[in-house]
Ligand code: UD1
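To begin, one chain is listed below as structure tokens, in the form predicted alone.
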């Protein structure tokens, strides 16, 4: 399937920000840490969540939807193996290592896949688990882990603040005996959401906002109702559409402020007015260049928003430099932006962008989730019709993107790809 956008319209409408993909996936992995029922409100109905549910159901977990509320219960686990098909499509499948080891003492997980933006090595996960007493072996495409004698106390210093490794070690250490101190951990908001949910379930965790997490294992966790936080990358995507089209939209956030995300968009010229449960994003002043911007672990500029800014800055009134320090293949969309008329020169892991006065519609390809969303933005900013092929990649992380863009007054629709 492809999405067709006819550019030239100013965004004018309102959008409700969905639940966060990057928060929902580790929270779902944590659901097997209790036999009780877990209820997740504002859970995004996206491909990545559906693939996660397929893995949970393979383990014997019951899962049912009612609107955007997801109920799961893992009172009768039937396996500690992760099905190969779904694991090969979903990077977050690696998070079952920590939760399965904590719940069952064993885990057999297929080497994860999920996207084409870079290698994302899992050696940080493995090294930390081994220091925690886990026996790790590699059988071709499988990781086989057995929980040995967990140390009474363990201290782990991550060489890099990996989000996935931080989540995995949290999931492993919250159950059972022993104490763990994790240093140089990731501090993304999604880590905070996971820790807060686990605390509500009865876990003893502290320090997640400092980069040094302290965990004291408990015998049992209980089920709760919890709400998935709003998606900060979706917020940035739709706010960027207001800026890119010189429009004005209302983003219904449910009371979340997104202050760090607003600051980066403000550098590019977006103006925000905050209300109680919504934020107005206005881009009528045009796009400003940013002399230098690079992706970094939180609280730095998020790599997931890099593609969005690549599209935005291609229409800025001046020159910008955007550097990618997290994933080596985040610039796959540059040839498509250049096809649309952008003036971008790549030098290793930096893009030198000279803003142009116009982009024109072309047929382009969503090589991954974030570049696909960024090409939708480019299409909305361009003159004429843009067709984004392989648009199903966008559905990995965005709930009904076409419908949301229509609510913003943009001319967009699903089409069959030409053979």
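Positions refer to the first chain, counted from 1. Remember, it's a predicted structure, so these values are computed and weren't measured experimentally. Think of the rigid core as the biggest set of C-alphas that the two forms share within 1.5 Å after superposition.
What follows is about the form predicted in complex with the ligand, which we do not show.
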Inset, instruction - Check whether residue 136 has any heavy atom within 4.5 Å of a heavy atom of the ligand in the predicted complex, and answer yes or no. - result: no
Inset, instruction - Although the ligand is absent from this view, report whether residue 89 comes within 4.5 Å of it in the predicted complex, heavy atoms only. - result: no
Inset, instruction - Verify the contact flag for residue 18: yes if a non-hydrogen atom of it lies within 4.5 Å of a non-hydrogen atom of the ligand in the predicted complex, no if not. - result: no
Legend entry - in the predicted complex, residue 288 touching the ligand (heavy atom, 4.5 Å): no
Legend entry - Segment assignment from 314 to 322, 243 to 251, 265 to 273, 301 to 309: heavy atom within 4.5 Å of the ligand in the predicted complex: 301 to 309
Legend entry - Sole residue of 125, 150, 187, 103 within 4.5 Å of the ligand in the predicted complex, by heavy atom: 125
Legend entry - Contacts with the ligand in the predicted complex - residues in 148 to 180 whose heavy atoms fall within 4.5 Å: 160, 161, 162, 163, 164
Inset, instruction - Could you check whether the CA atom of residue 139 moves 2 Å or more between the shown form and the other one, using the rigid core for the fit? - result: yes
